[in-house]
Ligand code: FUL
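Taking the form predicted on its own, here's one chain by itself in structure tokens.
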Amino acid sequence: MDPFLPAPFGAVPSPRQMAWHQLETYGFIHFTTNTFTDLEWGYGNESPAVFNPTTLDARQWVDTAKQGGFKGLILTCKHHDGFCLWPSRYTEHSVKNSPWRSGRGDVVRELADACREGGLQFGVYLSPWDRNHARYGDMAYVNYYRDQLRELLTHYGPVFEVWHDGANGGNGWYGGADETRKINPATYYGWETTRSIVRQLQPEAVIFSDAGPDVRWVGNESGVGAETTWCTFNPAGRYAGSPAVDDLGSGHENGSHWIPPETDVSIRPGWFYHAHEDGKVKTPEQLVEIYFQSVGRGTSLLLNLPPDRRGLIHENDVASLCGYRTMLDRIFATDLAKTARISATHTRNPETAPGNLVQDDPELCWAAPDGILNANITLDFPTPITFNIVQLKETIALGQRVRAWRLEIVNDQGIWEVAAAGTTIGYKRLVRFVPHTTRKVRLVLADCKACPVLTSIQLFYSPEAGGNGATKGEY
């Protein structure tokens, strides 16, 4: 442990979770027979013959994701319909019996290779529910599921995230039985054994499900994180498919485990491509709003980009994603805080001086002495600045500590007034407000669980930052 830093407080992220936090944004690729049958959830009786993209190009998916600033892609290798996008040795219900690439194709291989060539990380989604498999509901299917998980984790190179959906059991084809089957999602899959396969074969991959163990669901599919977001969580009694409760977004202040939330949302109304939604793609402005309400509230953003029947991400989706990235680049082009002289009411030692907060070095931080549970950081500017966005980052490797903070400015009358306020910070906190012009800004860490430790404070001005026109505090 660094002798200049305080001891870790509470649950802290593992190395694999720290690497995941640093990604911030990555993409979902929903693609299967549903793309060709115009469904969201296939029933399981779809013929492999319907899967026949005409010009599938995984490099185009990767290029699109990179244009959006994404750091990885997660593919729905098998959705609830049971159709496998790779030639699994354990089923005939896969691309090997489709006309695409004359039955010799492998979507998983093409995307894994394209990600590696393009410098993106690759992740896999494998639906626990399978509406095609005849043995779903008994142990033979669980063994099948684990065998397929092993295929995905051993044949396609490094995987950064393994995604377990919470949809479990219901009506389906089930090999021709055409019936409803119920399972106990808390016990049926033997999740501890299933997860041990991931740990053994891909030890650097994070595992997602409703309650972790590495990454949890945010609790909605709207792209909105909670105003108060604790990365700490109590997972006892929770599992993939456990009943949704309203604490998934907020987490638990004194949670026993570090299980941060992931915000998943689609660029279209549906998760799979539908031609009738070509005019309903989220605009760049809507995507920027989602960014502020997800990444800006301490979660990651998993944005779905569904390929069309050609096997390409549609032109409307590409244009919107590029517009979103252009807007973000403009919004965060100039960090005004870099011109400030910075001081603090409390500083632990010279190695953790407040000037570290504007150095763009994640290895540096400002820290208060042990026992200090509130502190002020002041930024003095040589000339007045105008800004309407603040970005804060805690040094989460030492735990999440801040309960409440506010940002103040000196107004024209020389009086401190509140420009913005919030609760948790975590890996990243972004708050927008009406523009203020001032020569002095003060961050008040009003309530902390332990001595605060911050990585950075940044200030920006953008007329296109979005929001709903609030006059003070967060939009």
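These numbers were taken from a predicted model, which means no experiment stands behind them. All residue numbers are counted from 1 along the displayed sequence.
The same protein has a further form, the form predicted together with the named molecule, not shown here; the description that follows concerns it.
The contact with the named molecule in the model of the complex, taken as any heavy atom within 4.5 Å, belongs to Glu221 out of Glu253, Glu285, Asp138, Glu221.
Checked against the named molecule in the model of the complex, the residues Trp173, Trp271, Trp100, Trp191 give one hit for a heavy atom within 4.5 Å, which is Trp271.
Of the candidate stretches 199-207, 225-233, 163-171, 101-109, only 163-171 has residues whose heavy atoms lie within 4.5 Å of the named molecule in the model of the complex. Not displayed here, the named molecule is kept clear of Arg401 by more than 4.5 Å at the level of heavy atoms in the model of the complex.
By the criterion of a heavy atom within 4.5 Å, Asp264 is counted among the residues contacting the named molecule in the model of the complex.
Within this chain, Trp41 lines the site of the named molecule in the model of the complex, having a heavy atom no more than 4.5 Å away. The named molecule is not shown here, but in the model of the complex it comes within 4.5 Å of a heavy atom of Phe28. Residues His79, His80 are the ones in 69-96 with at least one heavy atom within 4.5 Å of the named molecule in the model of the complex, listed in sequence order.
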